[in-house]
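Okay, here we've got a single chain as structure tokens, the form predicted on its own, with questions on binding and movement later.
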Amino acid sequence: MAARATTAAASLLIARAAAAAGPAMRLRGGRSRGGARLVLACSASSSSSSPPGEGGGFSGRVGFLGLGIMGAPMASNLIKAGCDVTVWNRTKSKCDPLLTLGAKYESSPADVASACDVTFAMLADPESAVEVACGANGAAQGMAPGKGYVDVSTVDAATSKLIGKSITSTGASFLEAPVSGSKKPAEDGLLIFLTAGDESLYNRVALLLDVMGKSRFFLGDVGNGAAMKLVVNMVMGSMMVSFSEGLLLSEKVGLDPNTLVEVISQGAISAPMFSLKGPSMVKAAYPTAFPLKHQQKDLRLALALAESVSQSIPTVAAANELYKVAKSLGLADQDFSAVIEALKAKEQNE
């Protein structure tokens, strides 16, 4: 399967070319990506003299459903880029900071979808994603030909296909686009989009994805984006367990775990995750960037994906059990690095 990737650098080159051609898109100072920030001129009208995705700008209203730890900063970046954004969240108070920035509010996903040309959704789990898209007053009820629905939630392929079928039955277009990245990359507009589905919708929203992310991949049919995200998070969750074991072992044999973090950061297995989270883990502090309950959910979904193709992933199965223990210790809403506490508890019980 061939994947096409577009980097932020390439996006900025496109932006510069578009700026030379007309006013639809421009660069100005702000969040740094090579010294510039991509800013869109999003008009409220869905009509345009250029086909969607061409001519350098996005024309239309943008909806955003789900304003949690990821959705809020993603929607905020769209507003700051000049887009006409309408928001909804089950807890309305979470909309208030976005309304202050200039967003509009609708009282249901259906109303958001009806009012907007393209609607994004960032929900916590498959059940929530289905309810918001397909349930009573769900987004599908506000969809119609010419509209698009982009689900950036992390769900399994079957759920994504179910949502896609509900959306496309209205004549609208569907794109799954789960993201790789947590709270800080979402705030900084440095997410990685793993998209699949309607390629024309992908092209239409490409500039919006570039506002929220540093790169984007188009992976073909619906389900491929979901599968890629689960594989990525499967690897990440297992890595965190191994890293936790290393921190505990280094301390037990008399080494400074902070020095271990530094050594790892300079070697072949260096990863930003270790450098960012290691010092806090040594202090038993787990400020939430990616909730542990979501990591365990992704491992569960990855295990089901592996079972569906008869692929053995014993390391992931073992890691999943530790995340389940951590949840039982009341750490579900802590950062997923809190899985180290499950290892500590296991040692105390032996």
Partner chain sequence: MEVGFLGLGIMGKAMAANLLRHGFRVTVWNRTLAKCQELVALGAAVGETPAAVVAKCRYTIAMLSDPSAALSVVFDKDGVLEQIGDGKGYVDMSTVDAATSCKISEAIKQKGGAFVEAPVSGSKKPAEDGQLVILAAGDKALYDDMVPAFDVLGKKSFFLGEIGNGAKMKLVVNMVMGSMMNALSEGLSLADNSGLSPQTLLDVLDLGAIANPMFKLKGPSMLQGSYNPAFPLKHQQKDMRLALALGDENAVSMPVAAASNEAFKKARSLGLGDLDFSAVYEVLKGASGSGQA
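Numbering follows the first chain given and starts at 1. Keep in mind the model is a prediction, meaning the values are calculated, not measured.
The same protein has a further form, the form predicted in complex with the partner chain, not shown here; the description that follows concerns it.
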query	finding
Stretch in contact, per heavy atom within 4.5 angstroms of the partner chain in the predicted complex, of 146 to 154, 106 to 114, 232 to 240, 167 to 175	232 to 240
Proximity to the partner chain in the predicted complex, single hit among A302, L292, L67, V62 (heavy atom within 4.5 Å)	A302
Distance check, K252 to the partner chain in the predicted complex, heavy atom within 4.5 Å	yes
Partner contact for L98 in the predicted complex: the partner chain, 4.5 angstroms, heavy atom	no
Contact label in the predicted complex: E262 to the partner chain, heavy atom within 4.5 Å	yes
Any non-hydrogen atom of G246 within 4.5 angstroms of the partner chain in the predicted complex	yes
Heavy atom within 4.5 Å of the partner chain in the predicted complex - qualifying residues of 212 to 237	K214, S215, F217, L219, N224, A227, M228, V231, V232, M234, V235, M236
